[in-house]
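First comes one chain, alone, set out as structure tokens in the form predicted alone.
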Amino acid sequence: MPITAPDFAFLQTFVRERSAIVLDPGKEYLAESRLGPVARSAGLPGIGELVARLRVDPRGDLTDKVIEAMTTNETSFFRDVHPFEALRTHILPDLIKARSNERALNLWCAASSSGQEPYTIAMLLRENFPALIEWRIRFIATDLSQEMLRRSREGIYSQLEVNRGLPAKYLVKYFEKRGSDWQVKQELRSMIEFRELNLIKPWPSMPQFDIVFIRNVLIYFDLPTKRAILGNIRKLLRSDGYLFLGGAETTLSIDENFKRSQAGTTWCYRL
């Protein structure tokens, strides 16, 4: 049964208040496709009954499952390629030179989904900058979904997932076969600290970062939320640090404290 207008209006507010994700009119199909399985797993006959449960108990376990289902978790290894090439050829060499005395780097991947982006960066570090093994590297990856964080910590991916963007030489070098799946080797998994963080709630204490990846996330938020998130990032980004957004995202007309800067064949943002 299609979702009713009152139920969709409730979900728009419910999801917006808890994740800042904006469900525009016309996205009823998205709510139906993603929340139908949540309703069935909870033993409910449909989305109407799911919404009724949320109205009565908006803070129960069902709430977390609904928010996780409505969060887009599309990702892949070396997604879009160019940002990682910029890291390898321009940004990391410059930062290594600038940090040669302190010999420390801090990196953050926000909204890291099932972990392919942070593991891509970890492979890039190991493959191209072996001297960094002697440095103090703090690498944090965050997401609001407990399920995505669990998957990321395990680092287990299907054959289909490793076929999406991962070079064969990296698969052989940095993964181990686990039945029909592949698991990231412990040496790589131990490099990354996976933590829960909801971008619209108070942020925990974090270090000053040299590099921040928050790609393909801001597009789901309204303008005030984008400004708040960029303002928080600005406080955490070192004065000569680098911010990466998605190809369809920009700081223009949102936070004028950032300037667009070209790095190789891609763009990033600096203070």
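Residue numbers here begin at 1 and follow the sequence given. Source: prediction; values computed, not measured.
Here the subject shifts to the form predicted in complex with a small molecule, a form of this protein not shown in this document.
At least one heavy atom of N73 is located within 4.5 Å of the small molecule in the predicted complex.
Though the partner is left out of this view, L107 does not reach within 4.5 Å of the small molecule in the predicted complex, counting heavy atoms only. Proximity of A111 to the small molecule in the predicted complex: non-hydrogen atoms within 4.5 Å are present. By the criterion of a heavy atom within 4.5 Å, R79 is counted among the residues contacting the small molecule in the predicted complex. Only one segment in the set 54-62, 234-242, 198-206, 35-43 has any non-hydrogen atom within 4.5 angstroms of the small molecule in the predicted complex, and it is 198-206. Though the small molecule is absent from this view, in the predicted complex it lies within 4.5 Å of a heavy atom of just one residue from L144, L95, I192, M123, which is L144.
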